[in-house]
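Take a look at this one chain, the form predicted alone, written out in structure tokens.
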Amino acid sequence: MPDTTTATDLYARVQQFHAEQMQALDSGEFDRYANTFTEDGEFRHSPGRPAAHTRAGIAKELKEFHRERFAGEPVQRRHWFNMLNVQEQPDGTIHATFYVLAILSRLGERVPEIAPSCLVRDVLVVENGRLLTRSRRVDHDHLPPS
């Protein structure tokens, strides 16, 4: 029988990690967000865009994506994670699968836009006591899985 204390501690640790990670992203702190990945990390986030690799590549991709998508429009994005499933693997990695709603709010508009609904698959690792994302794959619900 699995040790529920250990499983609960790991679940809470992953939730806290995701909260810190996404608050960096939603604040537009793309370098800080990228630093939550391993140095050789991979981030596949949007259909039609290639995966970004390395911390520098992830930060660059996010800056370009936001510049292209919002063209200086003052928007606030929030990523809501739910239905988190955390599974420790025999090789020491942690697989986290969860649902995401990306909420987009525009200044002066009371009703936000949900854009998009996604399934996210992370491979997490612990390096020097710190939880990091080795890879993140985001599948948008309105499209066939990648």
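Position 1 is the first residue in the sequence shown; the rest follow in order. A quick note: this is a predicted structure, and the numbers were derived from the prediction, not measured.
Keep in mind the form predicted together with a further copy of the same chain is missing from the figure; the text below concerns it.
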Margin query: Can you confirm whether Leu84, Thr97 and His142, the three residues that make up this candidate site, all sit within 4.5 Å of a further copy of the same chain in the predicted complex, judged by heavy atoms?
Written below: yes
Next item on the list: Verify the contact flag for Pro116: yes if a non-hydrogen atom of it lies within 4.5 Å of a non-hydrogen atom of a further copy of the same chain in the predicted complex, no if not.
Entry: yes
Margin query: Given that a further copy of the same chain is not shown alongside this chain, does Val138 nevertheless sit within 4.5 Å of it in the predicted complex, heavy atom to heavy atom?
Written below: no
Next item on the list: Find out whether any non-hydrogen atom of Ala51 is located within 4.5 angstroms of a further copy of the same chain in the predicted complex, and reply yes or no.
Entry: no
Check: Heavy atom to heavy atom, is His79 within 4.5 Å of a further copy of the same chain in the predicted complex?
Finding: yes
Next item on the list: Heavy atoms within 4.5 Å of a further copy of the same chain in the predicted complex is the criterion; list the residues of 25-56 that meet it.
Entry: Asp26
